[in-house]
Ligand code: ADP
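In structure tokens, one chain follows: the form predicted on its own.
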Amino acid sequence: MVAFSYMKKIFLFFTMTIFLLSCSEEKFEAKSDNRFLMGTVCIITLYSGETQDIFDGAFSLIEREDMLMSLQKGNSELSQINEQAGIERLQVSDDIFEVIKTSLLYSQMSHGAFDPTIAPLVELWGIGEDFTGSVPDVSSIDSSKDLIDYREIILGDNNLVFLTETGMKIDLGGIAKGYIADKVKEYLISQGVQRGIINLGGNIIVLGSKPKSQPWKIGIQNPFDSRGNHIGIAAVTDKTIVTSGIYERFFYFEGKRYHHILDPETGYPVENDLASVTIIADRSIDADALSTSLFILGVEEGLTLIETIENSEAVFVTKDKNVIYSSGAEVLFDLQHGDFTHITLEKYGSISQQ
């Protein structure tokens, strides 16, 4: 079963890569390599004849960073922080300290919608990619919620991290992949790479532009269809694209669908009008955190937040197949699917109040 799942992911992500290449008006040499890391397929595609050593260096970087920030690896730095919750402060590496610090920034900006201490709830629900699961009992959910509060993460000088309550745990799953994607980009640039695509399980960074300074054309996933089917195209240069949606991981229980994006306030999967949120930004760490934050906040509060953040845009897709843009997204995104309708925030507000 594991081998089948792996091969299925390889097929799905290569489908996305082929789509990206087929959009090019001018054919040019491409070299691609992939590894199964961080629980997903990571694909790097470069267009300047780079050597295999550059690919190997990039994937080694991903492995090293994952060993710091993985919740699933018992010997990771993150696991050590969690084990010392309520006991003592732990001095950590610069990288994980930076990710936790940035997590807290987005927790503050989203008023707790994005909360890295959500790990007890994540583990309780256990929503993975096998589409099986069950709904936890109310008392277990309430007990887990009592351990969730980003304000109880204490950061100190010399990279000290402390969780104030025993049983608290940090989960960096909503932001670490973006940070690592940014690190891969930095590494590739340091190796002289000028043009490429980094795809870490859906966290996409486009490096540079296509030949003749043409933007890359990236398909935005249709949240109601299988992977590789898109609602439209984002034309971008030196940008990152990250999407959060109800289609990624879910299960059905007693006829109801439960997806993996959990609300720290209710303890249950988020229930609002949204099917997905796509962020287009300069840094993948920001896009990663924002895609989750905006999905939990919903359209109106999410738009309010994204408009305060420079060089970041959002495309909201509702369950009714309406599409709402942040103020600068329309020049970057071309809606092409006839089943979806672009509407303004004012129009959305009148619909949602009916």
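This one's a predicted model, so the numbers in the text were calculated from it and none came from an experiment. Throughout, we count residues from 1 along the sequence that is shown.
Missing here is the form predicted together with the ligand; even so, the following discussion is about that form.
With the ligand left out of view, the stretch that reaches within 4.5 Å of it through heavy atoms in the model of the complex is, among 254-262, 205-213, 181-189, 153-161, 254-262. Checked against the ligand in the model of the complex, the residues D95, D273, E77, E248 give one hit for a heavy atom within 4.5 Å, which is E248.
Just one of A85, V236, I118, I231 comes within 4.5 Å of the ligand in the model of the complex, counting any heavy atom, and that one is I118. In the model of the complex, the ligand sits within 4.5 Å of a heavy atom of G174. Of the heavy atoms in I296, some are within 4.5 Å of the ligand in the model of the complex. With a 4.5 Å cutoff on heavy atoms, I141 does not count as touching the ligand in the model of the complex; it lies far away. The closest heavy atom approach of I220 to the ligand in the model of the complex falls outside 4.5 Å.
For the three residues T240, I309 and F333, a heavy atom within 4.5 Å of the ligand turns up in the model of the complex in no case.
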